[in-house]
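Only one chain is included here, represented as structure tokens and corresponding to the form predicted alone.
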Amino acid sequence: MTLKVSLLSMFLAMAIGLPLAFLRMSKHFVPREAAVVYIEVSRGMPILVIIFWVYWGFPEIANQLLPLLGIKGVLVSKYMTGFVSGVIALTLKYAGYLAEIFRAGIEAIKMGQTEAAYSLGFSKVQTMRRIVLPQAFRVIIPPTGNAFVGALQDSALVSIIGVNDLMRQAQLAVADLYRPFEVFTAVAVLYLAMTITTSKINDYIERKKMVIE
């Protein structure tokens, strides 16, 4: 469950983070500033606060607003399980981080390559898809891997809202066995094993990238 929450959250955060990065680099004031506000809020808000807000606050607000929009008989809280809320909270948190990582990777590509692509008749979309993003992907591998490690560690907090992850299982085991030292030591070892494995995978991908270059 811990890996499931972390992987799904990171996948969704990447799907949201890339469009956010483009909005952040937009020449238009409104979308650029909207992206800036989201990124700053998501990065500045503690993950625990976001989890509580998504799990308890969002359903309450939605249940009050939907009838005003003519949608009746729908209880959002019915669908906002601990798992769903945990994934949404982690996604909202790490989308902001990944947006900045993607933006930095894209802006790291020299402007001359973009201008050369335009001179060859490439459109903006073709230039981004075929020239800029493949090179930016190599740049963002290390920080994206670090973000996943952070998401893996933060996923322990979803146990607070009843998600049956590793930390929740540990809490239940302590309540049953009355052996907190042994149980939480085992949990620490498991989290350490997962984060080290993730870091090794990230290092391997980065080395492969350097070989390709």
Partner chain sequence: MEFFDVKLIWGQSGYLAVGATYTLGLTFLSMFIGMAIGIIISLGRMAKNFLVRALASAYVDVMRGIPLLVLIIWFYFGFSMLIDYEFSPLFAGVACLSLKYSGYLAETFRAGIQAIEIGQSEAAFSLGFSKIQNLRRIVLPQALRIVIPPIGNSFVSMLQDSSMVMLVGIWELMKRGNSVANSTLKPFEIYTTVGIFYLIMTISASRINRYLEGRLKLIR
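Numbering follows the first chain given and starts at 1. Owing to the predicted nature of the structure, the values given are computational and were not obtained by experimental measurement.
Heads up, the form predicted in complex with its partner chain isn't pictured, but that's what we're talking about next.
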{"property": "The unique member of P31, P180, G145, G162 whose heavy atoms fall within 4.5 Å of its partner chain in the predicted bound form", "result": "P180"}
{"property": "Close approach of M45 to its partner chain in the predicted bound form, 4.5 Å, heavy atom", "result": "yes"}
{"property": "Exercise: T198 in contact with its partner chain in the predicted bound form, heavy atom 4.5 Å", "result": "no"}
{"property": "Non-hydrogen atom contact Q171 with its partner chain in the predicted bound form at 4.5 angstroms", "result": "yes"}
{"property": "4.5 Å heavy atom contact, A156 and its partner chain in the predicted bound form", "result": "yes"}
{"property": "In the predicted bound form: members of 180-199 within 4.5 Å of its partner chain, any heavy atom", "result": "P180, F181, F184, T185, V187, A188, Y191, L192, T195, I196"}
